[in-house]
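Heads up, the chain below is alone and in the form predicted on its own; it's given as structure tokens.
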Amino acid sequence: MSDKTRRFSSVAVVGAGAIGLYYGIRLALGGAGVRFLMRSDLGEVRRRDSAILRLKEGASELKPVQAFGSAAEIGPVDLVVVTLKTTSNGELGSLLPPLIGPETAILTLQNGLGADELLATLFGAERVMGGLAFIACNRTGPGEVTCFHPGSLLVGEFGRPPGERIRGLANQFEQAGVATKVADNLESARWHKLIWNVPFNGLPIVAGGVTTDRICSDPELAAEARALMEEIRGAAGRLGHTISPEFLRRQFAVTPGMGPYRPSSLIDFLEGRSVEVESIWGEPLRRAQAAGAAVPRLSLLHALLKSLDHRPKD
């Protein structure tokens, strides 16, 4: 079977928030048998029997939709796509086993660092692939996602070079309408993603709940965002991952075009949910410090976010 023809026929999406809905709907509309594991949205989605993707050019409805309340109802699949918040990763060891068959692969589209290693420990490194979603989208209702900037998807194998499996997956996403590339080095790709995630998920929270366009337009906040980007670039370099200054420039330049975008961490914070503090800021900080990188701004941002994340909930 060639790279271009390999396909995952049955897919379980674990975590039907914005990212899980977006890519799950895309894959399903592209012909895959996608089964969504849902919690709070399950009743409404089953009543409507659809999942909805809203884009600037219009809406697409996946109808009927396969939505389930437990992994046992879904059963083993070819591919498990993990899009849970990393704050729920303690559940993976008990949540995923009913979905795992002898040849099942696992793709994590989670933020930050550490998810690949955790899944490899739990289910075997040979199963694990990772992906980075360069996208701006929000869950805007039960089983409904609104995409402001479709961006692209970057996928890679955990701990090994790309082969037939990951190239086939990339092609499947491409055929489903997702601009997708294959990463030569997944860990390096994750550090590239942190260039945007560290400042633009963190500063909106500590600046009092502002959107990303405000970060870019305010001189002091924009300067802080750029300084954080440079710290991540330096830390990545210490760990052997080269990130060009031009990449930083492009990541900053694309952000104003998203408009008054509220990143997922800000939404979680404002709605009283736990923020992915350790995967996006804590683990990169620990790895940077262990490599001898100077990251004072990242250290302060991590401390501030930890303090705010433990605030009393109203």
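Between two forms, the rigid core is the largest collection of C-alphas that superpose within 1.5 Å. Numbering starts at 1 and follows the sequence shown. Predicted model only: the values in this text are computed from it and were never measured.
Absent from the display: the form predicted in complex with another copy of the chain. The rest refers to it.
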query: Interface segment, criterion being heavy atoms within 4.5 Å of another copy of the chain in the predicted bound form, picked from 143-151, 118-126, 220-228, 85-93; finding: 220-228
query: Residue 195 within 4.5 Å of another copy of the chain in the predicted bound form, heavy atoms; finding: no
query: Non-hydrogen atom contact residue 203 with another copy of the chain in the predicted bound form at 4.5 angstroms; finding: yes
query: Contact test in the predicted bound form: residue 296 vs another copy of the chain, heavy atoms, 4.5 Å; finding: yes
query: Distance check, residue 214 to another copy of the chain in the predicted bound form, heavy atom within 4.5 Å; finding: yes
query: Stretch 287-306: residues contacting another copy of the chain in the predicted bound form, 4.5 Å heavy atom cut-off; finding: 296, 297, 299, 300, 301, 302, 303, 304, 306
query: Core-aligned C-alpha movement of residue 180 between the shown form and the other one reaching 2 Å; finding: no
query: Large Cα shift (2 Å or above) at residue 211 between the shown form and the other one, core-fitted; finding: yes
